[in-house]
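Take a look at this one chain, the form predicted on its own, written out in structure tokens.
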């Protein structure tokens, strides 16, 4: 019988896909959802009722709650975080509280409750713009946004708990994810959503390049890492090893939708010049060698799956506007 696991950020894009993946593998999942007065469980509402799923409302910044719900857990999958880079310019305190203090609470609770494995989800944004490519796990970290700074800090606290208290931690470092259910704050959903409505696409910097992984492949990597022998805050990139410019993504999606597109550059969608990460191109050599993982879904196939999901009427209704939001 599978033991209990805790997933934070469970109602979000990657988190909800991870919960689905864990349930398919018969884990007993406690899913932490950010408390709200509407009892909104986010993307978990897409999951059919399952006796192995327990949903708990709360907040990462509440240590007592985290300690209580992680009791008797075999593993913690920590995905809960503030993730909007534009919002981090407006409210860096929110990123300090959620991403740093929230992670410390997870680590403290895991230490007290003797959790056997903690997977802390990092981000390729900690690297900043590539100094060399492909970017491996030893690439220098560069805090080019308050969001990035908060995630670097969370990673370093994870490392400190591994070294100071022998807490079994792995740092999973996904590059850019995409797939069904992603917020239109992300580049691929915003292109799809706007093209489904009209031919004009409002974007920021179209010359940046990113390394994309389909969300189901990311989930597979995270679960495999949780079952591996590695700990000591070992870092693993989750990436494809290929990079593509935003302008090329527009062309690809336009072709798939058989629509002409006109790009309109909006200054409000641009990052501050020194904060812009121009190139992310990761090395997945380590994760391939250590746990035999590699992405199964090529970029075009992943785009087709994502577009098909957005084209369904019940799904597109969940994205009522093409307006820019943080």
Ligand SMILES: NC(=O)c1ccc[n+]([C@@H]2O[C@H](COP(=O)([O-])OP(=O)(O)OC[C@H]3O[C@@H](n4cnc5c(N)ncnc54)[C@H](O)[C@@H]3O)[C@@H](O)[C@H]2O)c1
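Everything numeric in this text was worked out from a predicted model, so none of it was measured. Numbering follows the first chain given and starts at 1.
This protein has a second form, the form predicted in complex with this ligand, left out of what is shown; the following refers to that one.
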Counting any non-hydrogen atom inside 4.5 Å, which residue from 180, 174, 146, 128 sits next to this ligand in the model of the complex? 174
Can you tell me if residue 185 lies within 4.5 angstroms of this ligand in the model of the complex, counting non-hydrogen atoms only? yes
Is there any non-hydrogen atom of residue 31 lying within 4.5 Å of this ligand in the model of the complex? no
Should residue 22 be counted as a contact of this ligand in the model of the complex, where contact means heavy atoms within 4.5 Å? no
Verify the contact flag for residue 59: yes if a non-hydrogen atom of it lies within 4.5 Å of a non-hydrogen atom of this ligand in the model of the complex, no if not. yes
Specify the contacting stretch among 72-80, 227-235, 161-169, 248-256, defined as having any heavy atom within 4.5 Å of this ligand in the model of the complex. 72-80
With this ligand taken in the model of the complex, which residues across 97-123 come within 4.5 angstroms through any non-hydrogen atom? 98, 121, 122, 123
